[in-house]
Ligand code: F6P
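What follows is a single chain, given as structure tokens, in the form predicted alone.
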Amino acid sequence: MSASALSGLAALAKQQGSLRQAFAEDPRRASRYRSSACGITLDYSKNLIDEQSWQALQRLAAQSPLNACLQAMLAGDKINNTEQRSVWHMMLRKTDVSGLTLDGEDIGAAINACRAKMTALVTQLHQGEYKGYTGKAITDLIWIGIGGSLLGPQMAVEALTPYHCSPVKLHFAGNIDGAVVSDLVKNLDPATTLVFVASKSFGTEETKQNALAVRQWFTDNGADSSAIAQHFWATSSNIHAAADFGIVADHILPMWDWVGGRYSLWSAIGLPVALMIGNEQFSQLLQGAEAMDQHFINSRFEDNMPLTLALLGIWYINGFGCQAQALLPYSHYLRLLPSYVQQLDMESNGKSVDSNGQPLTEASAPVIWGDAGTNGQHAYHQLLHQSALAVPADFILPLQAAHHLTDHHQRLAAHCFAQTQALMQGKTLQEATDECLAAGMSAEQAAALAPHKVSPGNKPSNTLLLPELSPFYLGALIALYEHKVFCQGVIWGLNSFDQWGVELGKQLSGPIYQALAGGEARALDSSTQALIQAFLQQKKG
């Protein structure tokens, strides 16, 4: 995408007027800026757009290589050019994968084989047929991973809590902080615990160290190598390393190079989700994502929901200079969604060079943050409403609750809709003054307090309505954000599928660890050396 096309958004943004006035002048605004896909409704009428700016954003998409890049991705071209990898995670949720080949490999057969193995394992665990080394049925499963190998399944498991039907309890271990594994195994019995190590390379430090700690817990409790082989599974592409760890070949599910970690929920990384909600409902999750895929692939630009979200995000980043976006699910079960989208968006598009290695001249990728409503209303919504910062926000609400407390859900919906209205219209000084006077204050008191109650308004938001938080609609929602990120990456001209910035910290931690373990601290800055010394001094004490 040309830098001039993006830089021109700033001048156009300065021409935008008042949202309150726009709604007053156009009674059809809500229906004009509204779309639906796969049962999900998007109301984007509370955005700082008019017909002129919206048409300009549509032209931005039309002038981009979006169609060509999408077709290249679907064809299996190596659009992840820095790692020479295809990007085919969409194939993992296709109902019919027969005939899929990539680089001469029968991918369809490999996907079906993986699905069959997952289905069989989940069925065995649900029916109590999988026995541990003492002959007892498995009661607990520890899932060890980090990043995309953890965030996706953990988020989906939480989101689909009402659909849980597994007799096996699930436990996640990600952080290398020893408290995680130490606390986790305290109340578990290795004789009835299955362990899954999720690591493409089988060398990721956090995952490897946690797996070693859990394996040591097994051996400390009398398990031998045959017991380890019986209780440990992996999903990895490094069969040799997994075998060296003690995992037998039949217990290794595949991870393919054409699936990035943050897009891997649909692969064997989704096994914890299938375990908790059952095979049939896991299929519904895949079908929801596939439905959004088809909408994205086949819809016109002006009707394309992922592209709409992408263009609005670009509008605020490159037009208004916004550096953050709030993701606000009004659902307790979706409380981990902001963390999941953080990785999806920020790891994908948080880049400073384009796909050719040339510096970007315009900003990309916002800081994603948020939490479940209404908790945030009593925390950071103060900043959203009254600070000088403009933070575009996505509000997400399932229309039907998964519980019987209907009045609670009505109040939740009322808060959700009220927040978007308040951000849009704000409160003027006159309105605040009148409110104070109506409360019985004197004119002097009202004049003193009213300025503190003013909210500027004109703060943009989207509202996404799901019929319910079911596996199907969760799959569609996740795919919606995946495609949004892809569209933005194409328009910014960057590679959304590598993450070289993650590597530097990993590289530097090795020598520092050696210094902390008693080795020599070489070529380190004075601050890092001082921190190492403080750690070592405390260790001696």
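It should be emphasised that the depicted structure is a prediction, and the values quoted were computed from it without experimental measurement. Residue indices: 1-based, along the sequence shown.
Just so it is clear, the following notes concern the form predicted in complex with the ligand, a form of the same protein that is not shown.
Would Lys506 sit within 4.5 Å of the ligand in the predicted complex, counting heavy atoms only? It does: once the ligand is placed as it appears in the predicted complex, Lys506 has a heavy atom within 4.5 Å of it.
Is it the case that Gln499, even though its partner is missing from this view, gets within 4.5 Å of the ligand in the predicted complex, heavy atoms only? Output for Gln499 is yes: heavy atoms within 4.5 Å of the ligand.
Can Lys200 be called a contact residue for the ligand in the predicted complex at 4.5 Å between heavy atoms? Flag for Lys200 set to yes.
Just checking whether Thr193 would be counted as a contact of the ligand in the predicted complex - the rule being heavy atoms within 4.5 angstroms. It does not: once the ligand is placed as it appears in the predicted complex, Thr193 has no heavy atom within 4.5 Å of it.
Scan Pro272, Pro306, Pro471, Gly148 and let me know which has any heavy atom within 4.5 Å of the ligand in the predicted complex. When the ligand is considered in the predicted complex, the option within 4.5 Å is Gly148.
In the predicted complex, the one of Asn349, Gln419, Ser331, Thr204 near the ligand [non-hydrogen atom within 4.5 angstroms]: Selected residue: Thr204.
Of these, 403-411, 164-172, 452-460, 257-265, which stretch puts a heavy atom within 4.5 angstroms of the ligand in the predicted complex? Single hit among the candidates: 257-265.
Give, in sequence order, every residue of 62-83 that has a heavy atom within 4.5 Å of the ligand in the predicted complex, or say none if there are no such residues. Contacts from 62-83: none.
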